[in-house]
Each structure stands twice: as structure tokens, then as C-alpha cells.
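Shown next are two forms of a single protein chain, provided one at a time as C-alpha cells under the names structure 1 and structure 2.
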Structure 1
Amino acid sequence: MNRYTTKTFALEMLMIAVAIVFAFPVYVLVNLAFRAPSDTSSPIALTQSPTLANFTDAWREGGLGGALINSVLVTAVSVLIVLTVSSLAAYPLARSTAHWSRGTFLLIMLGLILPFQLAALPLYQTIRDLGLLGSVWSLVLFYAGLQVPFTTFLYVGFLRALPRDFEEAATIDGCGPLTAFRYVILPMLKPITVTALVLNTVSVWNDFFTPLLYLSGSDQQTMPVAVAGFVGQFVSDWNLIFAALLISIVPVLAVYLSLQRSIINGFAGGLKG
């Protein structure tokens, strides 16, 4: 299985061909984003005199800077909240064998199948009554609650596989439950925290439906909403649109490429749990 044979070489070529097919849309995206609007040659022909003008125009006219700041703020704060409350909740849920614990866990897991469209519409009314419509804080609140089930699920699965020895030793040494959590449990949770951090960041950053509801008509936007607005505004100016799309995916791809090893390994960890 480990010998590099002619068959392996053929497979390698096939897989590279498949990857090229997969990457084709990205080639077109980059190719057109650097192309002047006056250049009307085929979208698959390599751009002859690339320009940066689309990027500066898109950045200036799309309000992408403000959207970027909002997206970073919303994602960072809500993911921090959800990681904190979910890891804390997972600790008794994974350890206690009482009835309330099992019931609470199942209740929270119900959130995994409830479609967000069901909660998002009635919550729209509450958000409006609280005067939070159009504010990015409504989104922080929304994601902090929405991501609880999935994150708690990850933490509980991980905790159940961890031995109790350390925390029991800490309790015998006179640690209170909070101290034991902070100094014994939390450090042991680090691998699953990285996985949960990345997966939550991706889903919060990428969400479109909720900010479309809660922020529409306001000058506060997140990246996906700003991009959608930009497409609506510059309907057929695709070179400009592609520059905006490219700008918007750079932060996500940067995070992904720097953390890809732990993301991909995180899946393997999740499978064992």
C-alpha cells in the first residue's frame, strides 16, 4: 500500500485533474477581479493587463471596511460567549448522572434540529421591542444562544471521554467547583475548544439570513449582507463585484489556512467522541 506504483501515479494525476476542475471557479474569480471593465474578452482567457482599480473602487464604495469591523466584532464576542457558557454547561452535563442533567442535555440537543427560521421570525419581534433592530448587538445575542447546542454537544462528547481523576484530586485538595473548572477542566478541553472555536467562527461569520432580517435598512452591516447589497447595487459590473467577493473571502481563507491542520484533525477527534 505504501509503494508508489504506476497505478498510484495514475491516481495522482486523476486527483489533480479533479482538483483543477474544483478550482476553476476560483481561477475565474481572481482572473476577472483584476480585469478592467473595458476588457470584454472571454471570462476564461487570462487577463492581459491586470489592474487593482476594482479593489480600491469596491473597498471605497461598498462600505466593506465598516462591515469587516462589524463582522469581526460580532464573531469574536459571540464566539467567546458561546465557548464560555457551553464549556461551563457541559461540565455538569457530562459528569452528573442525575435526571435533571439528562433532561437538560436532551432539551439543549433539541436545538440541533430546530430550524433557525422558526425562532428567527418571532425573535425578530422581541429584538424590535427591545430597540435592538439594526444593532450588531442583536446578532451577538442571537449567535450566542443559537450556537449553544452544537458547542455543548462537542464539549460533552469530549468530556465524557476524559478521566475524572484530575478533578477528583483537585476537589480532595480543597478546590471549589469553579476553581476546579478553571484550572483543571478548562486546560484539558483545549483541543476541542480549538475545534469549536473554528467551526463556530465559520458559521457565525458566514451567516446571511439573520443579519439580513435584523440589520436590513440600517447602516450597520456584516460582510455577507454588505456583499449582497453590493451585488444589488452594481448589478452587472461583475469585475467590481468579483473584487468585492475576493476581499470578503480573504479573512476567512487566512484563518482557515493558518488553522487548517487543527480543523481537519478536529473532525477526527469529533468522530471518536
Structure 2
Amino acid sequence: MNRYTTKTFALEMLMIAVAIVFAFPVYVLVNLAFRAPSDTSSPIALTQSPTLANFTDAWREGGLGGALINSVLVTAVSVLIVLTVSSLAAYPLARSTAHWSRGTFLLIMLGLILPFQLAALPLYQTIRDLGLLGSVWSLVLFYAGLQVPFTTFLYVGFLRALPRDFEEAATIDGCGPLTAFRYVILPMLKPITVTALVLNTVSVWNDFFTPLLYLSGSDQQTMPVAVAGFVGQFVSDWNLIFAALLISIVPVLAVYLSLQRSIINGFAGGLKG
């Protein structure tokens, strides 16, 4: 029986069309990033003489080196804190049946409901009083608090789907709660940990408003702020702008590609659960 029907063909054409729509801006971005400014041909036309001069000029004139270091530092430390705190907090919340557990979980979930913009002014005043304005550690402190509710929600949902048999066996063997979590539960959390790592990394790396607010007036900046300033400085030179954008994309893309298999397994495990 031939299962390749007209409906299947139409669905394939639709998927190809959607893929082209999403791929077209990426093609223009990469195409112009490697094109010399003197080349005035159509952005759609394939660049005939690719050059790396745009990347070196963007790196030097936009000061992207320091911004890249700041973004890597803020993202790495923030995500590490978020994953550690969220996984440790989610374990008792998912396993305990006491009334306080549900109440605490709902209290943490308020962080997902309330927009952080409501606390922007009080948080700014707190960061100022702590003397952290203009420091990248103010961003680490902010993101460590902002991302915990969502990450805890992911961990709790995953933990509730895990059987208790392994923990009970570890308890019988004499393991305490922390030991059982470290050696039994934590390895089983790898799929959701990788998923949470990627989601938090993208969120922290791409944030523009918070670095602009807390680092304003200092010589510190992150990649989104640096690229935004680059646009204002070289508004007519789109080749340099696209080269700067491509530089800012590469680190996150590298993280995703290196963890691609684990990410797919994580989503597949969540669907099966």
C-alpha cells in the first residue's frame, strides 16, 4: 500500500516553505557579514569575494572582546548557580507530601506569574545600595534570582515522574537524603538539566534590558548591549553590524551544537513521561 499521498506531499511542501522563511534572514545575515562594504550588489545575491575584514573591524571598533568575556562570565556563573539551587530546591518539593511543600512550591511559582518589571526600581535601588552598579556581579545576582522559579518548575515536574524505587534502595543501604540525591537522583536528572542549561543560557545571553540598566555609565557591557551600540555607531554599515551579530551568535550556537544529542534526549524523555 502506497502511503505517500497528496496530503503527504502538500505537508512536505508546507514544511519546506516554512523552513525557507526561517532560513532566509539567516542567509542574508551570513551573506552580508562576509561581503566587502564596497560590494553594492543585492543582499540576496551570493557574495562572490568573501572577506573576514568585517569581523576584524567589528571586533576592534566595537570593543567586542571585553563584552564577550563579560557575557561568558555572567552566563556561566548565573546558570551554574541557577541549576544548583533549583535542583536542590526541587528535590524536597517533589518528594515531600507535607502541606508546607505545596505552599512553598506555589510561593516559588509566583516568580513565574509576576513580571520582573514590577520590581525593576526596588531591585535597582538594592543593587545601588550594595555598591554593585556597573559591576557584572550585579547581573549574576539578578539572573540567579530571576531564573530559579522557572528552572525549579522544570525540575519538580521531572522529579515527580521519576520512580522512588532507586531512592528507597539507597536509603536501605544507609544513604542520607543528600547522598541519595548526589549519587542516585542527580545522574537521572541529566536530560532536564541539559534542557534547563540551554534555556537559561539563551535567556541570560540574549538579555538586553538588565545589562543596559545595571551597567549604564560604566565601561562594562555585554554582547547585546555592545551590538546595540554598534548599530548606533555604524548605522549605515550593515556589513559590520551583521558581522558583529554573527560573532554574538556563535558562542550560544556552539553550546547548542555540543549538547544537541542530550537536548533531543531530554525532550524525548519528557514526551515519553
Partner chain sequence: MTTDLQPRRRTSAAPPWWFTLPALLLFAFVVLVPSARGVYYAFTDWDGLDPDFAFIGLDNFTAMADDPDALQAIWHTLLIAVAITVLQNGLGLLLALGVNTAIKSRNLLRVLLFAPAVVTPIVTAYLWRNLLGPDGAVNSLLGVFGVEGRNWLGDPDLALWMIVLVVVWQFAGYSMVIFVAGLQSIPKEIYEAAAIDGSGPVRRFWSIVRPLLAPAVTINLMLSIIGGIKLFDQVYALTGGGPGHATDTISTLIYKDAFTLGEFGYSIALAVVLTAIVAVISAGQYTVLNRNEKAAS
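Treat the numbers as computed from the prediction; the structure is a model and nothing was measured. Whichever C-alpha set is largest while still superposing within 1.5 Å between the two forms counts as the rigid core. Reference numbering: structure 1, starting with residue 1.
A.B. asks: Which of the two structures shown, 1 or 2, corresponds to the form predicted on its own?
C.D. replies: Looking at both copies of the chain, structure 2 is the one that matches the description.
A.B. asks: Superpose the two forms on their rigid core, then report whether the C-alpha of residue 41 is displaced by 2 angstroms or more between the two structures.
C.D. replies: Yes, its C-alpha moves 2 Å or more.
A.B. asks: With both forms fitted on the core, check whether the Cα of residue 50 differs by 2 Å or more between the two structures.
C.D. replies: Yes, the C-alpha position differs by at least 2 Å between the two structures.
A.B. asks: Once the core is aligned, please say if the CA of residue 32 is shifted by at least 2 angstroms between the two structures.
C.D. replies: It does, since the residue 32 C-alpha is displaced 2 Å or more between the two structures after the core fit.
A.B. asks: What is the Cα shift of residue 257 between the two structures once the core is superposed, in angstrom?
C.D. replies: The shift comes out to 3.8 Å.
A.B. asks: On a rigid core superposition, how far has the CA of residue 10 moved between the two structures, in Å, if you could check?
C.D. replies: Taking the core as reference, the C-alpha of residue 10 is shifted 5.2 Å.
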